[in-house]
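Just one chain follows, in the form predicted on its own, and it is written as structure tokens.
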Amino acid sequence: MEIQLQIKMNEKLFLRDPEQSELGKKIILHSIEWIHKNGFEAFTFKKLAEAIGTTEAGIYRYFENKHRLLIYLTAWYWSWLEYQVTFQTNNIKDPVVKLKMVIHLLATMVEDDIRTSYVDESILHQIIITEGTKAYLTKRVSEDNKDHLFKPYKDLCAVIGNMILECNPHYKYPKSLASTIIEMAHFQNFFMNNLPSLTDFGKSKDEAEIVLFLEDLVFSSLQSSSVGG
């Protein structure tokens, strides 16, 4: 029996739920493939329509514009990743081991989840690295935030922040460190492959070194924080 993973999305992200029709699922599947291959700047609904054999108007029935589609994709990814983090750390008792598992999940290649046939998470992960910040680095960020469009990202940071406090209940900056881990994992991956002089991993191109760097960053911070401070 095939098990499908269903992720509930904020209804303000779309005009029509893409998960409820074959065309909607094709829009998600092919937009991920198109953006990954050509970049978000070059992406248009007209080009997507040509790729999947539908009309541009048909795509606009699902999404207001391409930026709202990008927010949808990033929100979907963060929700999926929070599920992975919770599932894979559920039976781990040691908070240090648990946090190291999270760092590994954030900093290494993602495998496609066969339970989501219309989303290739391995490709979507690459889009998050290269395009993800474009979802919220906009003039509309405050309005979008009021509509809770970034809640999945905040929820993931909250989960990781709680794990940080399990390691050191007196640490003052759990949310800041949580979001730093996530963004640093992606920036270092991007720099390693595109701007290697900005990292110490440009020659090796080894994600394992990013993991070690983040572990050093995180646990040095937690250990240096004064107990009771």
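Since the model is a prediction, treat every value here as computed from it, not as a measurement. In case it trips you up, residue 1 is the first one in the sequence shown, and so on.
Heads up, the form predicted in complex with another copy of the chain isn't pictured, but that's what we're talking about next.
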### Query
So which of 115 to 123, 75 to 83, 100 to 108, 129 to 137 is the stretch with heavy atoms within 4.5 Å of another copy of the chain in the predicted complex?
129 to 137
### Site test, Asn145, Tyr153 and Asp216 vs another copy of the chain in the predicted complex, non-hydrogen atom cutoff 4.5 Å
yes
## Note on the structure
As a check of understanding, the residue in Leu70, Met184, Ile28, Ala49 with any heavy atom within 4.5 Å of another copy of the chain in the predicted complex should be identified as Met184
### Message
Quick check on Gln20: any heavy atom within 4.5 Å of another copy of the chain in the predicted complex?
### Response
no
### Query
Within a 4.5 Å heavy atom cut-off, is Glu166 in contact with another copy of the chain in the predicted complex?
no
### Query
Closest heavy atom of Val159 to another copy of the chain in the predicted complex, within 4.5 Å or not?
no
### Message
Under a 4.5 Å heavy atom criterion, is Ile92 part of the interface with another copy of the chain in the predicted complex?
### Response
no
### Task
Any residue of 142 to 179 with a heavy atom within 4.5 Å of another copy of the chain in the predicted complex counts; write them all down in order.
Ser142, Asn145, Phe150, Tyr153, Lys154, Cys157, Tyr171, Lys172, Tyr173, Pro174, Lys175, Ser176, Leu177, Ser179
